[in-house]
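Take a look at this one chain, the form predicted alone, written out in structure tokens.
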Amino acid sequence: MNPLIGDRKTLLILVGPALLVYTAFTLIPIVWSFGYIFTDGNAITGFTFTGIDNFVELFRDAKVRDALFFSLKYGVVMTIGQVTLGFLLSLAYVFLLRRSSSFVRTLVFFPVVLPTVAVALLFQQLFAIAPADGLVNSFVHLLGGDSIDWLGNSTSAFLVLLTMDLWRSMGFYGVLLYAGILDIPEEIIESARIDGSGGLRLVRHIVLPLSMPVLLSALVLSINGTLKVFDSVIALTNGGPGNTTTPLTVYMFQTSFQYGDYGYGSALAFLLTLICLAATIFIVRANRPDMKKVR
């Protein structure tokens, strides 16, 4: 063993500052927030101990059911879309766009670094209906249709939100999965080609199984990120029309900081944490047989 690693004082000096910062800014706020769950009120009005009343309210509140349904619907659809588009892009980078791959990767990745508010304003203009039609409604006119209030209807607002977030995020998952495919030894792919595997057979029997570890990471990253969607919803629809595009995160923010109910907001945060944890465990357990085959 390296003598530096075996020395407790050295380990304390190396790890201690990071551990202290992590404890101060992550662990303590989590424990503090959990304590709020059993109270009612806020920092101005004071806190009153209410026991498990906030948990009981979670089951009674119809807005929680609506927000939870939207969060799950958005999370599942976005995760499938992000990982599928990212995997198709990564295949295109490796097998179709070999020479121009770097240029295309840069173009597709560019929306990832754009501010969310700027992207939301862009999409509001693209799908605008008043005072002037946006590009999408102008195209609808060319096809002989009438202008559509894309952000005034719950279904179309959801589709616009999905389109915007898929456009923003697919470049990231494309690069992530591209790195996973590059890790596959070239000899294995060449051997498969010599044996007659090509096209879809090569992807299905060689690329897909050997990309499973990075695909699993992409799924876990995606589902945890999409279940906690916040900024794109606030910037594009602000949860509307009505509350039809309000996820749990936005409802939690409104409850805690607009209505001043820290306890109920913390209960919503606790519910979201449990859902993210359950989704992660489900994905890992469901893919465990495939992971064993890869090993």
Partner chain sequence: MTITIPSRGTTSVQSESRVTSVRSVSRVLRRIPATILAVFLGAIVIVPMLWMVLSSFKTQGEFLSGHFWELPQSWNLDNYVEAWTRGRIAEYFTNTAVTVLPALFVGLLIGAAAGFALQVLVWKGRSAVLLIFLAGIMVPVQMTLLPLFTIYFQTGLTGTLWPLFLTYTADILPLTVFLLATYFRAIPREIFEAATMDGASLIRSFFSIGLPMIRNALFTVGLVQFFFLWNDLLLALTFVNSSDLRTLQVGLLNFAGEYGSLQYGPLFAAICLNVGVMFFVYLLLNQQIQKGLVAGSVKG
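No experiment lies behind these values; they were computed from the predicted model shown. Positions refer to the first chain, counted from 1. What we label the rigid core is the largest C-alpha set whose atoms superpose within 1.5 Å from one form to the other.
Just so you know, the form predicted in complex with the partner chain exists too; it's not on screen, but the next bit is about it.
Although the partner chain is omitted here, in the model of the complex all of 130, 182 and 230 have a heavy atom within 4.5 Å of it. None of 203, 151, 126, 219 but one reaches within 4.5 angstroms of the partner chain in the model of the complex through a heavy atom, and that residue is 126.
Comparing 264-272, 63-71, 50-58, 239-247 against the partner chain in the model of the complex, the single stretch with non-hydrogen atoms within 4.5 angstroms of it is 264-272. The partner chain is not drawn, but in the model of the complex it has a heavy atom within 4.5 Å of residue 170. At the 4.5 Å threshold, heavy atoms of residue 135 reach the partner chain in the model of the complex.
Shown alone here, residue 111 lies within 4.5 Å of the partner chain in the model of the complex, counting heavy atoms only.
The partner chain in the model of the complex comes within 4.5 Å of no heavy atom belonging to residue 284. If you take 57-90 and check each residue for a heavy atom within 4.5 Å of the partner chain in the model of the complex, you get just 89. Relative to the superposed rigid core, residue 26 undergoes a CA displacement of at least 2 Å between the shown form and the other one.
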